[in-house]
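In the structure tokens that follow, the same protein chain appears in two forms, which are kept apart as structure 1 and structure 2.
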Structure 1
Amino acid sequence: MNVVTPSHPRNTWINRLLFMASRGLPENLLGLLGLSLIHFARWVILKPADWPNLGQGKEELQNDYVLFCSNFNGTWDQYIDAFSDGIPSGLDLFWYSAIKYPKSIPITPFKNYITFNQIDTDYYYNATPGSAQRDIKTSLAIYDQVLKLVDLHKHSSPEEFAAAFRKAAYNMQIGLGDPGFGPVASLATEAADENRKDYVERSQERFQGLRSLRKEQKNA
């Protein structure tokens, strides 16, 4: 999800302060951590001077803008519902300076606001697409236990090891399983994936040809 919200320049410093204060007052972050569905997220405050100028000219804007990008699992509605239900006041603080921000409760105007201020992602990559945030944390916990068993295996008797294994297995069994496809969240995305296949393949084959050519030229 990408959301770009215009923000009052006189208030964005307060927003920055709220962000930084929340990092020093972790009880405010615990709500966000507790949602357990965000892998990485970011807020970027852009003042007019922050927009890079590579020849298009300096941006002369009356507002500051806040870019929010979140990598979450689940559907759009689940995500917004979780935010609004779980951490409404935290959310309102994080969008403190946003112009016309309707507050996170009630949810309908909030969802309308997000929809209106949202920018669609043109390309997205996820290195671990089969795993939700909780799946990753569970796998890390299992990995931690397995490494301990590996160390134990080196210098324990089969009886000692088996007892430790069973104890560890009891602790980790909730996370044992196989990653798989998530439910299809969008039939349009599914159809687009199907329809793009040939174009994607052709462009990749062209790039591979160019890469080989480049390699040959380098070696020559």
Structure 2
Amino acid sequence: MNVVTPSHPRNTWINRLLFMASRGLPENLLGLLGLSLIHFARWVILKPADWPNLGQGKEELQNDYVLFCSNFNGTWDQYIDAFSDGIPSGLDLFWYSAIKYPKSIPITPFKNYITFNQIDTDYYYNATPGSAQRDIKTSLAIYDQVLKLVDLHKHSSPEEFAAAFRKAAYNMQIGLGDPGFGPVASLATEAADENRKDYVERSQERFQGLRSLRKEQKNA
């Protein structure tokens, strides 16, 4: 998601101060960090002189702007709903200087504001289709556990390794499920799942083929 909102120049310094405070006191962002469907989110202040000239000529701008960029899993509606429910006061602070910002609650004016100022993404690459942020984190945790077991297998007795394996299996079980598709929360979610189903299945087939090839090469 890319959103560009105009900002009163006389109030932009307040937004800059709020961003600095958020970076210095990250505990204030726990509501945002707790939203596991968000992969990445960033707000950037753009002054009129920051806009690139790609041949269109110098821009004559009356306002500063705030660029918001974010990656997330799920649908647009789920994302905005979670944002509004999870950190309503935080959103209102981050868009403090935005012109005609309606506040994050109630949700309908907020969604209309985002829609009006949103720039559609033309190209998007997803390295982990079908997986949410939490799936990726648990997969990395499992990978670390497997590496530890591989190292332990080199110098431990069968009994010691069996005990370590049982302990690791207990710790890893939260991430051993198939990420697949989540329960349908709305018609938009169902449509998004249906639209990306073929792509996800092709990606999983390619991954399975690479894994089989690597296994054959290792056994050759």
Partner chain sequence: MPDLDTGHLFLTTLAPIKPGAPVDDLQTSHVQLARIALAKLPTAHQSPATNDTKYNSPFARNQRNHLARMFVLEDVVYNGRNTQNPILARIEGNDQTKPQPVDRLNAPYLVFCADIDAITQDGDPLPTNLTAEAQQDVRKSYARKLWDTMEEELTEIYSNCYGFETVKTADQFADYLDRCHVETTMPFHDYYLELPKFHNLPFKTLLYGVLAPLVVGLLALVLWLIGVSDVPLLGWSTLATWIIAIALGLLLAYGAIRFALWNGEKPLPPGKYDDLPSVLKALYVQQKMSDLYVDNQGASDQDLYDAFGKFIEEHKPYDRKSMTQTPGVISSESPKNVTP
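By rigid core we mean the largest C-alpha set that fits within 1.5 Å across both forms. Quick caveat: nothing in here was measured; it's all calculated off a predicted structure. By convention here, residues take numbers in order along the sequence of structure 1, the first being 1.
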Chain form predicted on its own: structure number out of two: 2
Taking 2 Å as the cut-off, check whether the CA of I119 shifts that much or more between structure 1 and structure 2 after a rigid core fit. no
For E59, is the CA shift between structure 1 and structure 2 at least 2 Å following rigid-core superposition? yes
Cα displacement of T128 between structure 1 and structure 2 reaching 2 Å, rigid core superposed: yes
Look at the Cα of K215 between structure 1 and structure 2 with the rigid core superposed and state its shift in Å. 33.0
